[in-house]
Structures are given as C-alpha cells and as structure tokens.
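Taking the form predicted on its own, here's one chain by itself in structure tokens.
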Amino acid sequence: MPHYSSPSVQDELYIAGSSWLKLEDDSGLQLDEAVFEACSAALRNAGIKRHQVALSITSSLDLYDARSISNALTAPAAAGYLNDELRVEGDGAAAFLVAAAGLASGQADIAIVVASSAPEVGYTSEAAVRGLQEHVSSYTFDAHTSRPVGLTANTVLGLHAANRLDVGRVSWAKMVESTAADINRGAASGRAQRAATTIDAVASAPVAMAPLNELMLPASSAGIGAIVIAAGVAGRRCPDPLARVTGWGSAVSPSPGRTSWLTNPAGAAGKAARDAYRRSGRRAEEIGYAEMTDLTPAMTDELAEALQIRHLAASERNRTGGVRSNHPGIANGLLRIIEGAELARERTAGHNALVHAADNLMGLTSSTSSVLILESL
C-alpha cells in the first residue's frame, strides 16, 4: 500500500467536488448505474480521476435497498473496486466523518463518500418513500427491548411536538408559518421535493402524526449524493475546491428508555457543535450561514440554540428549504453538506458555515448528530 503523509484534519481537508442525482420514476437507472453516474459527476466536478481515489465510503442500508448485501453492488460503482472501501449503515454525514478520519490517519489523500437513498418501492413519490421509511423505522426500534408497541420515527416526532405545544414552547401558528417558508425557499431549487405552497395549505394539510401534518414532516425523497474530499497537497492541487473543513463533531442521542430525548432532544447536536467549534477555533458568532436538520418545526428553535446559531436570520438558515423541502432519508447528511459547501463557494474567502445532520431512523432517539464547520476559499 502506498504511504501518505498524515495531514491535520483541521488544516488540510478540502471538499474538492460534489454531485447530487435526484431519482425520478422514469430514470431507468439501476442502483449501481445511478451510483456510478453520481460518482462520475462528482469526480468531474473535482477535477480528479478515478484512479486517484484511494478510499471509498458508502452510506446505505440494506432494508432500503431491498438487497441483503447492497454494498456488493454499489461499491465498485463508487470507486471501491480494488480500493479500500467500507459501508456505513448510518447517515451520510457520519460516512463523511469516517472518510475524513481515513484521510487524517494518512491512509489516503483522496476519498469519495457516497450516500444512497433509492428505496425499492416502485415510485419516488413522497408518500411511497415515507411509507417504506416508517416500516424500516419500526424494524429499527424492534432491536431495542424498551420499544413501546408501534413506535416509529414519526411517532417520536409527534410526541415531541405535542409536548412542546402543551407547555407553550412553540405555537401552532409559528409552526405553520415556518413550514410554509421552508417549502417556498426550496421550491425554486432543482433539488426540491415539494412545490411552493401557502400558509392556508399548510394549515389544512392532512394530519400525519398528531399534532404534525404531512407538510411539517420531512419531505421524503429518493436521491444519491457523492462528495470528493482531499487532504494536504492533493486538496490544494484541486482546480476549484468548494470549501475547507475546519472542524467537526459527532454525538449520539439517548435511547428510548431514557427521558432526555424529550427533555433535551438537541443535546447530542449541542455536544457535536461544541466539539466542532473547539476543533475549528471559530466562535459561534463567526458563523454566517447554517444548514441544519430540524426534523419538524417544533425542533427548529431548540436546535438553533443548541448549535449556537440563534443570531442568524431566517434567510441564512437552510437557504434551499432544508428537510421540509427535501429529505432523502439516509442520504440527508450528504445533501446538507453539499448545500452548505455550495453556499460557502459563493462567499468571499474566510466565510464560515455550519452544517448539522442527524439520521431519522428512530426520530429523536438513538440518533447520530454530526456537525461540520466549513470555510470558504
């Protein structure tokens, strides 16, 4: 195996290129073909050839892919053939951190991270994808002996929202207003799952998990994302990198058997953010933009406080609507990183952005929160 110098993850990690492939009903692509197309586009965007990639990390889940070992099909298409490769059964942002750790250890100097949300349900409509996600969520809870009957991710989100309404920490009117604003910000984006809407339409949407209606839940979608990351000299040689990663953090929220998932649901995100700020050497006040995974509008304020971004105007959070515009399941973390990196690329050098992602396999319980601090170049 070739030897690489060991760079500092804080000083020498670059997002060299990225791509997002929105899957449609009529795409005609098989899973491995779709992964190949997304990875090829990311490599072209980064100005890097496939043979330069030494590490491939894939984020996927067999239950979504309807295959017993889906990684065997997708790894070669994700530049994993004859390379170091592994699959992370978790959110795409967690996979990104695994790749970053590989670069920081000197294992490689260029890696590709792929996150796949391509449910085998025949359709890519929000209702079809959400239905499968709820089934998968139920299976996930089955592994925990403390699981109450019928508990799923959306049930957990509904319980949290009902509690916050009961104690007056959020209002129905504000939840409706922020939901409409999120959807409308994202409607102009080519990656949006939902069309523009009105406050009245949000208020009258069908109830999904009381008190939350369908539009307040994440906009379930299908898609595949790919990010090329490069370290040290390899990163600096890339023709037009999107951003530099200056800090990161990760933490896991409590299990269903503990009450802190309800009393302090943003605790894991707060811990991950504090670690990211410490590693980056940036202060919260220096953050000028944020992408965050606020799974319902009842979570928005709590999460913003935990991430220390309450100073940001609404226009500087989730510019393309966040999860109420597009939430591609296990690939959500990679989409949030792509959105944050693209915005960093538009800003002047030295601009700082925060990206927060969390999986929704079990709602607010046993969820891994990842936080990155990005700097524009």
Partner chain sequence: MTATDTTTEAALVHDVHWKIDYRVKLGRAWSRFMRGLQKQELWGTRCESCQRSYVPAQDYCEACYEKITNWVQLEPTGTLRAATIVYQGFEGGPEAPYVVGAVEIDGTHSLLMHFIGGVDLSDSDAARAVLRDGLRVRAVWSDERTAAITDIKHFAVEQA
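The model shown is predicted, which means the values in this text are computed figures rather than measured ones. Residue numbers count along the first chain shown, from 1.
Heads up, the form predicted in complex with its partner chain isn't pictured, but that's what we're talking about next.
K.L.:
Of 169 to 177, 193 to 201, 206 to 214, 119 to 127, which is the one stretch near its partner chain in the predicted bound form, taking non-hydrogen atoms within 4.5 angstroms as near?
P.N.:
Single hit among the candidates: 119 to 127.
K.L.:
Is the gap between residue 79 and its partner chain in the predicted bound form 4.5 Å or less for some heavy atom pair?
P.N.:
Judged by the heavy-atom cut-off of 4.5 Å, residue 79 is in contact with its partner chain in the predicted bound form.
K.L.:
Give a yes or no for residue 346: in the predicted bound form, does one of its heavy atoms lie within 4.5 Å of a heavy atom belonging to its partner chain?
P.N.:
Outside the cut-off, so no.
K.L.:
Would you please decide whether residue 135 lies within 4.5 angstroms of its partner chain in the predicted bound form, comparing each non-hydrogen atom pair?
P.N.:
Yes - in the predicted bound form, heavy atoms of residue 135 and its partner chain come within 4.5 Å of each other.
K.L.:
Would residue 37 sit within 4.5 Å of its partner chain in the predicted bound form, counting heavy atoms only?
P.N.:
Residue 37: contacts its partner chain in the predicted bound form.
K.L.:
Is any part of 31 to 59 within 4.5 angstroms of its partner chain in the predicted bound form by a non-hydrogen atom, and which residues would that be?
P.N.:
Contacts from 31 to 59: 32, 33, 36, 37, 39, 40, 43, 49, 50.
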